Structures are given as structure tokens and as C-alpha cells.
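Take a look at this single chain, the form predicted on its own, given in C-alpha cells.
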Amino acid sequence: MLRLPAFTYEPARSIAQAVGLLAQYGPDALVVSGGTDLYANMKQRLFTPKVLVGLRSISEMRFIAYDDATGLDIGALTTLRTIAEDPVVNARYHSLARAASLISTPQLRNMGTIGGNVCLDTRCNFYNQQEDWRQALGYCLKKDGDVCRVAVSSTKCLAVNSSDLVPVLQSFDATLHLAGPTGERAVKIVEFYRDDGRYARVNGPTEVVTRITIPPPQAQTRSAYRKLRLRGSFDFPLLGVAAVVRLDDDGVCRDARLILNAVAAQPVEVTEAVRYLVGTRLEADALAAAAECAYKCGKPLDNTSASVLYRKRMLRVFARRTLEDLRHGI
């Protein structure tokens, strides 16, 4: 049985106190809320913080608010279950509720938070292993080593973003709000992630994600999310596909976004697909052409479960199915 390494738990009662504790302990500290991913990683010695700064008591980070003028505002400590079941989120940002409902198991959705999910550590078959296994291999570029085991000639880590909410939030043009020692700042979610699994996020070690805001949806907006995984529950995505379209009163597509995840360290937007969707009524040939763009754009590597060939083929299949969900208004 894997055991947690020794650490001190420091509960924070406010955002300012959490930031202060992170500044006080420096690189020895990490934040924790639900801990559904962090504690498992600590058992594998992927993280060995001496101090965990607990956020669960900060009530000001646990809320969902909606305004027709400003859109959706979600506190970073809002649980995945709350998001999945919220009537406003389901009605106006359907794919966000859908993605939250597909994360892990009911018990973990009761604990896991949206802030934790957007800050999920990148994953790789050569990294997410026990300490003895990684040591026997010679470690990897992401931690303790100097070679990427996925592609030994790569100068960057090829671990993938495995968050279900991130591609959906990007499709809605969400913004993350962070608090740090120098104050607060806002970062567009598309700018929050880097294409390097080792340095995958732009937030500093003393910054805390406090809330996520999403612009109000325009009329006739439809959204969908599909997730490929080995098992029907619990698993991280082998592929995530998020899509949003805006239709006019005649049912013609006027705007579209198609985003892939779990194929790189950051979400991959299929920009070429837009020209095949806009101006159509989402007919079958338009969806097929857009799905083909997703197939060409996504480049899975040997860093998660299932074969590269299978995951590559599923790019086309799941992109097409996600777009069909939009056509049928599912």
C-alpha cells in the first residue's frame, strides 16, 4: 500500500492568507482543496511538499453566479458535482455541465473542484508511476531525469493535458482569475497553458486560481463534449472533444469552435474546421469535413493508454459525433 509522505497541513481562512502562506513557505508548499489528484500523486512521490495550504475553508471561493450582461462566474472551490447539477450551467453552458459529470466517480466529484481540474497536472505513462518504477527506468524529463521517454530526441516534455473542463472552458472563451502577492490578475484560458508538459501552466508558485468567468452565450448557441476513455467511469480522457456553434434564426451556423484535448500539453483548437461549418446548416458533409480537419490536426503520441493508431482514428470519430450532437441539439 502506498503511503503519503510526511507533510504539515496549514488551513487558510481567506485568499489573502493562502497567498501569504505560499509566499512564506516558497517551493516547499502546494495548495490543496479536494485533493483527488494531488494525494494520489504524492503517494507516487511525484510531489513531496513539506506544507499543504488547505483552501477548503475559504467560502468566498465556492459559488456559482450568472448575469445576462456579464455571464457566468464560478468560484474555484465549486465542486464538480455542483457544476454538473446546476440548472443555469446545464441550460446555458451544457457542455460544461456534461464534462463535469463525466469526471471520475460520484464520490470524487463530490470532492473535486473546478479550480483543481483546470490546474490538473499533465499526465504520461512514463511519469504517472511509482517511485521504484520511475527510478528503474532512469526517470524522465518531467521529473528527476533529462530524457523524454515518449520521444527521446524531444527537448520538451510530451505529457498531456487530461482535464475534461479545460477544452470546454476554452471553447467558451473563459478567463481565469488569479490572486498573488502583487495582487490579482486575469488570464484568458487559451493563454494559461503552454505546449510543454513540464511547465504546462503560466501561474506562479505563489498564485491561487480564485474564480473562472465565462461570457454570456449568444442566442442559438449550442455546445457539446465527448470523452474517449477505456472504462465508462473513473478514467482520464484518452481524447476529449469540445465544440460550440452559434446558429441564426434560419438554423445557419454563424460561428463555431472545435477543440481537442489529451493529445498535447495544452488544448488544440481545430481552426481549419470553422470554414467548413460556418454558413452551413450543419449538414452531414460539413460535419465530415470538419471531423477530417480534427483528424489531421490532432497528433497523439505514445504517452497514454491505448495505441497511438486507435487514438488517431478516434479523433475523426469523436469529432464527428460531437458535431452531430450539436446538429441534433443534444
Ligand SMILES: Cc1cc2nc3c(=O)[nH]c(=O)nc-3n(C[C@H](O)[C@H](O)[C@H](O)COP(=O)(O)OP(=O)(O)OC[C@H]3O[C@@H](n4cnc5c(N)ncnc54)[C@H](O)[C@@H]3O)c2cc1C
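Being a predicted model, the structure only gives us computed values, none of them experimental. So that there is no doubt, residue numbering starts at 1 and follows the sequence shown.
What comes next is about the form predicted in complex with this ligand, which does not appear here.
- Looking at Ser33, you'd find a heavy atom of it within 4.5 angstroms of this ligand in the predicted complex.
- Although the partner is absent here, Leu55 lies within 4.5 Å of this ligand in the predicted complex, judged by heavy atoms.
- Within 4.5 Å of some heavy atom of this ligand in the predicted complex lies at least one heavy atom of Ala76.
- Although the partner is absent here, Arg134 is not a contact residue: none of its heavy atoms lies within 4.5 angstroms of this ligand in the predicted complex.
- Residue-level contacts in the predicted complex: of Ala256, Leu141, Val208, Val150, one residue has a heavy atom within 4.5 Å of this ligand, and it is Val208.
- Only one of the listed residues (Asn128, Ser223, Thr82, Asn117) places a non-hydrogen atom within 4.5 angstroms of this ligand in the predicted complex, and that residue is Asn117.
- At a distance of at most 4.5 angstroms from this ligand in the predicted complex, none of the three residues Asp146, Lys156 and Asp302 contributes a non-hydrogen atom.
- Residues within 4.5 angstroms of this ligand in the predicted complex, judged by any non-hydrogen atom, belong to 157 to 165 and to none of the other stretches in 157 to 165, 247 to 255, 183 to 191, 215 to 223.
- In the predicted complex, not one residue of 256 to 278 has a heavy atom within 4.5 Å of this ligand.
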